[in-house]
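First, one chain by itself in structure tokens, the form predicted on its own.
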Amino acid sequence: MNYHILKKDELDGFIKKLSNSMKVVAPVAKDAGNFAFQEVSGASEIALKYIPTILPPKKYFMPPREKMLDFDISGPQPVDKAVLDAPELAVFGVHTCDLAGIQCLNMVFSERPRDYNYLRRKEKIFLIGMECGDYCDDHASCALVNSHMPSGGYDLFFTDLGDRFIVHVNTHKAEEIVEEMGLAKAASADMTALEKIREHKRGAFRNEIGVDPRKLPEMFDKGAKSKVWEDVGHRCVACGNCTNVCPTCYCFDMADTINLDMKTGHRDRTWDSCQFETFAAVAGGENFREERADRQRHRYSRKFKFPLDRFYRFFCTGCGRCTRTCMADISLKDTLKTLAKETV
């Protein structure tokens, strides 16, 4: 694909033209220095520089609560009808760490048995990435997992060049939209400016843990009984915040709700968390991860060890949300550093 140029003062027109054909959501500034993806109608509402949003854009691909089907048991045979609410949607301003998270979810839900609700919703989403600068806070660890640089997974990708954006066109759908809007092709000077920005990022973003990422799975093998898990387990309050805000956590629960007529109802899917005490409970009263220390170790392993065996990549994207939102001030970076001291 190719690169185009969008002048800064043309961004509002770009957003408004896009909103003529689909709903547009983007990062918006909230109270207390927080940001959230929500519907916008113009560029003035968008926060172009922001730390990761409260919830990742995962919420549009896999909603926190989603009706899966309606059912009717009044007849001789139960009848059910699948439900899918998937309107056309443009998600603007997605940072590389969240793009990496969406790539992880794409892999998970494309495995058999495929999750067709997720995949069909994904087809309806037009994904526009945004280059993040070196203005993220101290909680991020994106350089450790190499999610600070763009690696695909988007339709368009914007990089701020000062008075203009250079826009990478990555899909045929994006190419059609760019041509329809008449964006000019990028010149060689624009490509040089882009490379300078990328070179600056390579120098500014450093491995935040100081450990070769290839050694992380070995750290978890050697540190399975480390005292670090007891420490975080004692501090953890099992609120589930860390998993709810994670771009790659995908555990869910299913529940049926019967209407007052006792004949009809619906089935909902809701986000679940491996940090809840009941998550690993089974029939007979057995609980395979009753202790909070075990659940914390499991959560970290699901980011840095288990996915490598199955998907050949980390499922931590370094966004820092789990640390920002933890009510017990448990830091992912500090936990990894302590584990590294014991095992490397």
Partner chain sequence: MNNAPITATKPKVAFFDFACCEGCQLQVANLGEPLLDILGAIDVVEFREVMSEKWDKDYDVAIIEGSITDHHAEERIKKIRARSKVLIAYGACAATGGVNGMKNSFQLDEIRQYVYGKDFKFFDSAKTRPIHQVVKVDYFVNGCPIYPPELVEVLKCALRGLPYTVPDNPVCSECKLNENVCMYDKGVACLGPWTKAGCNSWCVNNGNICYGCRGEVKNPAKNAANDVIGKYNLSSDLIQNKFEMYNKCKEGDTNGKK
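Bear in mind the structure is a predicted one, so any value in this text is a computation, not a measurement. Numbering follows the first chain given and starts at 1.
One more form of this protein exists, namely the form predicted in complex with its partner chain; it is left out here, but the text below deals with it.
Shown alone, this chain has one stretch from 235 to 243, 191 to 199, 142 to 150, 167 to 175 that lies within 4.5 Å of its partner chain in the predicted bound form by heavy atoms: 235 to 243.
The candidate spot formed by 7, 122 and 207 lies out of contact with its partner chain in the predicted bound form, as no residue has a heavy atom within 4.5 Å of it. In the predicted bound form, its partner chain sits beyond 4.5 Å of every heavy atom of residue 48.
Although the partner is absent from this view, residue 158 stays clear of its partner chain in the predicted bound form, with no non-hydrogen atom inside 4.5 angstroms. Taking the partner from the other structure, its partner chain in the predicted bound form has no heavy atom within 4.5 Å of any heavy atom of residue 333. Contact annotation for residue 42: none of its heavy atoms lies within 4.5 Å of its partner chain in the predicted bound form. Taking a 4.5 Å heavy atom cutoff to its partner chain in the predicted bound form, the contacting residues in 57 to 90 are 59, 64.
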